[in-house]
Ligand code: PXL
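Okay, so here's just one chain, in structure tokens, the form predicted on its own.
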């Protein structure tokens, strides 16, 4: 496998296991040169902390992009996570067009909503901008809430396979080639991921753990990118990422002092072994 250069674009929380503090070590451990473009810097993430600092880096992005163009820097894949504004989305689209190698993979996690609601600070205009970014993606990694908002499909907490298939079809109609839909559970005690690729539906189910943790979506997406760039199929990458995320939650459960993320670092050796690195 050739040595590949992956760019990930999202915010960085100096403390808190999410966003770039997750993506950089996980993708690097999977054998990729991992380059970063921080969209903002926070002292901590926003879940469970108060009084955190926030530095918006939107105005720095064009100069960074232009410097890469001047130096002839190109990337084999790009993975986008949380983007703080429609302006940032526009800049990401310009990066797609200017510093990617021919055939580079574009993987978009439209991190903007959960549990039926948009994250604070986002509105319908942001959803429309994100839909334009998703239309340019090769692979989308939304949860069910994000999928519904992107497509205008009614959000439901109780659903069947037909509902999920309709969501997947509508997402690909936006323009994305492949969709990996996370948090899909058809029974109360299970959850999993639904993959829709070339008109084919597949599903990977695992046990639903009775805890929730901040940053697990970022852990999942980063492991998925790492597996995919190691020539795993989309479905195998989705399965590997799901198993890795579950193990991270399991290794953290019971530690009442570690409530702000999952101890993914302890499980990276297992991921490396799974990928045969």
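Positions refer to the first chain, counted from 1. Keep in mind it's a predicted model, so treat the numbers as computed, not measured. Each form is matched to the other, and the largest set of C-alpha atoms that superpose within 1.5 Å is called the rigid core.
One more form of this protein, predicted together with the named molecule, exists but is not displayed; see below.
Novice: Taking the partner as it appears in the predicted complex, which of 41 to 49, 28 to 36, 241 to 249, 223 to 231 has residues with heavy atoms within 4.5 Å of the named molecule?
Specialist: Partner-contacting stretch among the options: 41 to 49.
Novice: Even though the partner isn't displayed, in the predicted complex is residue 82 close enough to the named molecule, meaning a heavy atom within 4.5 Å?
Specialist: Yes - in the predicted complex, heavy atoms of residue 82 and the named molecule come within 4.5 Å of each other.
Novice: Might residue 23 be said to contact the named molecule in the predicted complex, defining contact as any heavy atom within 4.5 Å?
Specialist: Residue 23: no contact with the named molecule in the predicted complex.
Novice: Is residue 18 part of the interface with the named molecule in the predicted complex - any heavy atom within 4.5 Å?
Specialist: Yes - in the predicted complex, heavy atoms of residue 18 and the named molecule come within 4.5 Å of each other.
Novice: Do residue 65 and the named molecule share at least one heavy atom pair within 4.5 Å in the predicted complex?
Specialist: Although the named molecule is absent here, residue 65 would stay clear of it in the predicted complex, with no heavy atoms inside 4.5 Å.
Novice: Check each residue of 205 to 233 against the named molecule in the predicted complex and list those with a heavy atom within 4.5 Å, in sequence order.
Specialist: Stretch hits, in order: 214, 215, 218.
Novice: Given a core-based superposition, decide whether the C-alpha of residue 48 shifts by 2 Å or more between this form and the one not shown.
Specialist: Yes, the C-alpha position differs by at least 2 Å between this form and the one not shown.
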